[in-house]
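Before any questions on how it binds or moves, here is one chain, the form predicted alone, in structure tokens.
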């Protein structure tokens, strides 16, 4: 644990809390991609297969439970909550996310640290997380205007990965033989996908204007 890892975890947690606040306070999931949320639920379910077998720390276990339960709860609300599901922008959320799942499976089978059940699923979750935000970004571009809570959710989600890159750099220079090239490569790809959104987010913040993305 270091300050960059902690900052990454907290911004990730904050992004989830912002999204839950939007859904439960407004009873609306307008502007939120169900496909991205389904991908994140799949990411956490496949990454944390060791939840009940390997104990690292109370903090680690609690964070795993929080991310799994919150992602499943968000998907449930968007699919089955009698009020929230009516606000889902199905016509805008048309990204073929199953392609991302398929490509991630192929990459995990080809490129992994060890060819074991758990390691392949871990690699799969890393590859999938790198691109899971794509349906959300496409939806926001198609809708144009982005409400404040949705914009903050995406911003903090991107900031979480940026902090994790700093964490990897810090660990590379402070720990002997630290190397997780799969995480590094996927993390840089994931952060790059946010670059356009970050630009328009800071422009809107600087001009004190509503966030708008080009169609």
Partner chain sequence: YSGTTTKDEL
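Here the structure is a predicted model, which is why all the values come from computation and not from measurement. Numbering follows the first chain given and starts at 1.
Keep in mind that the form predicted together with the partner chain is not shown, yet the notes after this line are about it.
Looking at the partner chain in the predicted bound form, residues 63, 67 and 114 each place a heavy atom within 4.5 Å of it.
Under a 4.5 angstroms non-hydrogen atom cutoff, the partner chain in the predicted bound form has residue 183 among its neighbouring residues. Within this chain, residue 168 lines the site of the partner chain in the predicted bound form, having a heavy atom no more than 4.5 Å away. In the predicted bound form, at least one heavy atom of residue 161 sits within 4.5 Å of the partner chain. Within this chain, residue 47 lines the site of the partner chain in the predicted bound form, having a heavy atom no more than 4.5 Å away.
From the list 173 to 181, 148 to 156, 186 to 194, 34 to 42, the contact stretch for the partner chain in the predicted bound form under a 4.5 Å heavy atom rule is 173 to 181.
Residues 5, 9 of 1 to 24 are found to place at least one heavy atom within 4.5 Å of the partner chain in the predicted bound form.
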